[in-house]
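This document starts with one chain, in the form predicted alone, laid out as C-alpha cells.
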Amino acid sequence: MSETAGGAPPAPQSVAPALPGVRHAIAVGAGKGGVGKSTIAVNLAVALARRGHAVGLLDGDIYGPSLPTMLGLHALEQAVVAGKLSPHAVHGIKAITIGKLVEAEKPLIWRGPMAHGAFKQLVERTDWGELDYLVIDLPPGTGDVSLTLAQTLRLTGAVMVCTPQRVAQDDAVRAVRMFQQLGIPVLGVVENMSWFIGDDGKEYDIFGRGGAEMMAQRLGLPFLGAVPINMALRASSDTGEPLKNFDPDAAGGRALPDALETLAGNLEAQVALAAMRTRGPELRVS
C-alpha cells in the first residue's frame, strides 16, 4: 500500500470502493458487547425505512449474528439467484445475515481470514438493488472485521452505541479512535438503555443517564439521541417484531417510538452534513 506524504500508510477508506446502488453505508459499532448495538441497528434501519427510504440491513456480527431472532427470520430460507444472495424483505427493509447461511446452533470457530472472507461475501455477493441506506451491524470491539469493512466498502460514516456507564464509555472511546484511524467518519453517538421504563410508566436511571452524551461532548462528536429500554422492547426483540417499537400502544407509550424517530432524524441530518463535506462548496453564478 502506498504511503502518504507524512510517511504513514493511507487509511483503508481512502482506497475502498463504493457499493454500486447504495447511496449511504452506515456502520453501527460498539466498544463492547451487551450494550444493545444490534437493537439500535435493527430499529434504526426500520426507522429510516418508515421515513420513506430504501434501506438494507447487513448482519456483520459474524461470530454472534442476532438478526434471525430480532427480525423473525427463522422460518425463512436463504435464496440464491444467479449466484447472488437475495436479501429477506421484512418489516419494510432488506436484510441479510450469516445466521441464515450456517446451522442455527453451530458455533463459528473461525480464524481471522475465514471471518474476513465470509464478511466480504455478504457485502459483495448480496443483490441489494438500489438503496438509500445500508446499515451494517458490526461485531463489538476493535477486531479485524471492522478493518475488513473499511477495506471493502466506502462508508458514509459510523454510529457508536454506548450505555451510560463509565466502563462502557472506556471501550467506546477505543472504538471511536479505531474508526477515526481507519478513515471512517463518526457520525455520532447513541446512548442505549439510557433509562428503564417500568410497567407503571416510572423512569429509572439504572445505568446513570447521560454518561454517553457527556462522552460525545468530550470527544467532539454529535449526540444522536438516547433510547430507553422497557419490557415491550425486550419482547419485540425476542419475537422479531421491530415495527411494534414504533406503535405507542405496543411499545408501552410514546417514549420509545419518539426516541427512535429522533435518532433516525438526527442521523439523516448528520449524513447530509457528511455529504456536504465530501462534495465541498458549490459556486453558482446566475
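Just count from 1 along the sequence shown to find any residue number. Owing to the predicted nature of the structure, the values given are computational and were not obtained by experimental measurement.
One more form of this protein, predicted together with adenosine-5'-diphosphate, exists but is not displayed; see below.
Only one of 46, 54, 251, 229 has a non-hydrogen atom within 4.5 angstroms of adenosine-5'-diphosphate in the predicted bound form; which is it?
The residue in contact is 229.
Counting only non-hydrogen atoms, which stretch in 241-249, 216-224, 46-54, 64-72 is within 4.5 Å of adenosine-5'-diphosphate in the predicted bound form?
Within 4.5 Å of the partner lies stretch 64-72.
Does at least one non-hydrogen atom of residue 193 fall within 4.5 angstroms of adenosine-5'-diphosphate in the predicted bound form?
Judged by the heavy-atom cut-off of 4.5 Å, residue 193 is in contact with adenosine-5'-diphosphate in the predicted bound form.
Is residue 35 part of the interface with adenosine-5'-diphosphate in the predicted bound form - any heavy atom within 4.5 Å?
Contact with adenosine-5'-diphosphate, yes.
Would you classify residue 259 as touching adenosine-5'-diphosphate in the predicted bound form, given a 4.5 Å non-hydrogen atom cut-off?
No - in the predicted bound form, heavy atoms of residue 259 and adenosine-5'-diphosphate never come within 4.5 Å of each other.
Using a 4.5 Å heavy atom cut-off, state whether residue 233 contacts adenosine-5'-diphosphate in the predicted bound form.
Residue 233: yes, in contact with adenosine-5'-diphosphate in the predicted bound form.
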